[in-house]
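One chain is shown next in structure tokens, namely the form predicted on its own.
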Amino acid sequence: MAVHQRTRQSEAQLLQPKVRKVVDLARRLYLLELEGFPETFRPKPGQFLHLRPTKEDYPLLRRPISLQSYRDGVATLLIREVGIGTELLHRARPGDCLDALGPLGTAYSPVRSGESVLMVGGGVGVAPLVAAALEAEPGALVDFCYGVATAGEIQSLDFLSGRENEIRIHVSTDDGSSGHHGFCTEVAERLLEERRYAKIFTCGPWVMMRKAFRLGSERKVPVEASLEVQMGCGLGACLGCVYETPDGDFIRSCIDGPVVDGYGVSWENH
């Protein structure tokens, strides 16, 4: 099985951050804030931390979690509790020290002044898009299609303070409790009919990203997709997080991604 030959996580550091706080958003959905990072820790939007849930041997594998923001020495992670690892992280208390590797993986391209960018995110996939929106240069325009199951999963949008004209949030909920009743890709399709975008960023469920890619490819818009998946080593060695490319090659999500060119993914073969 052939793979791309990015050979190492060049920015990886072994980190020992401390828990600042855990903020519950909805059932099984929470924000984990970490602090105590070295000055050399400078993550880019789309990169992730590989966290050990406890200091014990079980569970064995680390958990890959996208960075939603890193500001003033505090990293914020959006996590959905789906198993023992994320459950243990949910139980963390202020002052607890965690073992982490990061920042790992590839990042979204910078959003430059004067560019119009469409972001399409669903569930915890909104996290790296929040990071990308926060780093957009002044004068850029971001239309952020923010899709969640229900209104209780919508985060505070205080990070937009002063930038509401540049970062426009378009909420959609599966149950119709807030914003558009339906999928965020439906909102994205409407926006693409109204405006020309320089590029599309997407992250979330595979079906959602596949639809976002189709919308972009029909209009020949560049698409950058974050292929978030369960990982083993996080370093490109175990081949446990591969995706097929149109030419039959394979992408390792942890090191060749998670952010990849959407045109280099075989969307129908997953």
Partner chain sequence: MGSLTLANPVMPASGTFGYGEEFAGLFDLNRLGALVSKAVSTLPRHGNPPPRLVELKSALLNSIGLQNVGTQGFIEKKLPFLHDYSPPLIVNVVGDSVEEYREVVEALDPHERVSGFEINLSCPNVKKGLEYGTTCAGVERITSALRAGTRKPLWIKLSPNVSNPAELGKAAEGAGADAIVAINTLGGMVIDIEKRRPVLGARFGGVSGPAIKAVAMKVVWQLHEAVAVPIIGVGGITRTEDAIEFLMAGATAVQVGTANFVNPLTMIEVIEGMREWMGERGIKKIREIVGAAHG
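Nothing here was measured: the structure is a model prediction, and the numbers come from that model. Residue numbers count along the first chain shown, from 1.
Just so you know, the form predicted in complex with the partner chain exists too; it's not on screen, but the next bit is about it.
- Considering the partner chain in the model of the complex, the lone stretch of 205-213, 238-246, 219-227, 39-47 in range is 238-246 [heavy atom distance within 4.5 Å].
- Although the partner is absent here, V19 is not a contact residue: none of its heavy atoms lies within 4.5 angstroms of the partner chain in the model of the complex.
- Contact check for I65: no non-hydrogen atom falls within 4.5 Å of the partner chain in the model of the complex.
- Mapping the unseen interface onto this chain, L32 falls outside it, with no heavy atom inside 4.5 Å of the partner chain in the model of the complex.
- The shortest heavy atom separation between L25 and the partner chain in the model of the complex exceeds 4.5 Å.
- The partner is not shown here, but in the model of the complex the stretch 59-85 reaches within 4.5 angstroms of the partner chain through a heavy atom at P59, L60, L61, R62, R63.
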